[in-house]
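The chain below stands alone and is given as structure tokens, in the form predicted on its own.
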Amino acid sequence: MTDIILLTVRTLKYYLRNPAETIPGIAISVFFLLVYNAGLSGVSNLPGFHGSYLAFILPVAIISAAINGAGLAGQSLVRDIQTGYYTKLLLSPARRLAIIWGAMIAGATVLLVEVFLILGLALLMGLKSQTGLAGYGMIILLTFIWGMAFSGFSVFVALKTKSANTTQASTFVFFPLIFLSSTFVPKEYITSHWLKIAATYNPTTYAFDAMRSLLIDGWQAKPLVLGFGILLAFATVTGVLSLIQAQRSTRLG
């Protein structure tokens, strides 16, 4: 834990000295929140739709911010590799898990700061949650797990390629996950058969459902269990892949 904390704090200090790197994630999220809420809020008038469209679209803004957090985690490792600091870490007593988790937790923490800003903006716009403050806390926890999952993938690519450009480009693989889901309307309103299938097998759908249930429906066991379960599984897979790659890079030197 000491290794993880020290390496996480070190990475966070870099972001504090270079806050401009976090601006793209915030800008994209604010774009989703403001533009789509203004342009598509009439969807809430459709038969069977309940709750505000602001609460429906907010998870899209939050999940999109995770892409930037994932990129930051990978970029921090690439920076250490290029400066030679990563090699020094491999020669130190620090555990391999701490080396990758330091970057991943730092990226997820930056994501949480962005989410607090997004939630603050949404509250100013009139957002109301059916689960109160506890519901917001659950959304933040879901976001952190999602951020760890994305960060794990970014760290894996960074260790595999050692390329800043490739690592940055890899995060855009997740953009289709956002749009191949119940992004703008509930899944029952999607008329395309193939898109419904994609949304069913897309982990992003279950992140959306869990967050939306907290905001719109109140405490519902099924979407929360599915959301937490699938996100934890996704984070475990990407975390294991990045750890295996870190151990492999140790053997290769």
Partner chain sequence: MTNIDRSITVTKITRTFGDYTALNGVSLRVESGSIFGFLGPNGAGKSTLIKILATILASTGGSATVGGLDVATKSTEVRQRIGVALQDVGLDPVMRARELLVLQGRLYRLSTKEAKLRSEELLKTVGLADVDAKRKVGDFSGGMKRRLDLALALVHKPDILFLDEPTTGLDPVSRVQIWEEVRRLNRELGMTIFLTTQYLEEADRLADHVAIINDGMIVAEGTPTELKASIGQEVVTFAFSTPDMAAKALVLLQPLVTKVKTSGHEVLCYLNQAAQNLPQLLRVLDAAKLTITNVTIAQPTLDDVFLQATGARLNIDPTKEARSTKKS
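So that the term is clear: the rigid core is the largest set of C-alpha atoms that superpose within 1.5 Å between two forms. Residue numbers count along the first chain shown, from 1. A quick note: this is a predicted structure, and the numbers were derived from the prediction, not measured.
Just so it is clear, the following notes concern the form predicted in complex with the partner chain, a form of the same protein that is not shown.
**Student:** Out of the stretches listed (149-157, 94-102, 120-128, 176-184), which one is close to the partner chain in the predicted bound form, meaning heavy atoms within 4.5 Å?
**Tutor:** It is the stretch 94-102.
**Student:** Let me know the one among Ala134, Ala169, Leu90, Ile140 whose heavy atoms come within 4.5 Å of the partner chain in the predicted bound form, would you?
**Tutor:** By the 4.5 Å criterion, the partner-contacting residue is Leu90.
**Student:** Looking at the partner-bound form in the predicted bound form, is Tyr85 within 4.5 Å of the partner chain by any heavy atom?
**Tutor:** Tyr85 belongs to the contact set for the partner chain.
**Student:** Is the shift of Phe144 between this form and the one not shown large enough to count as movement, that is, does its C-alpha move by 2 Å or more after the core is superposed?
**Tutor:** Where the cores coincide, Phe144 shows only a C-alpha shift between this form and the one not shown that is less than 2 Å.
**Student:** Once the core is aligned, does Arg96 move its Cα by at least 2 Å between this form and the one not shown?
**Tutor:** For Arg96, whose C-alpha is compared between this form and the one not shown after core superposition, the shift is 2 Å or more.
**Student:** By the 2 angstroms cut-off, has the C-alpha of Tyr85 moved between this form and the one not shown once the rigid core is superposed?
**Tutor:** The answer is yes, as the C-alpha of Tyr85 shifts between this form and the one not shown by 2 Å or more after core alignment.
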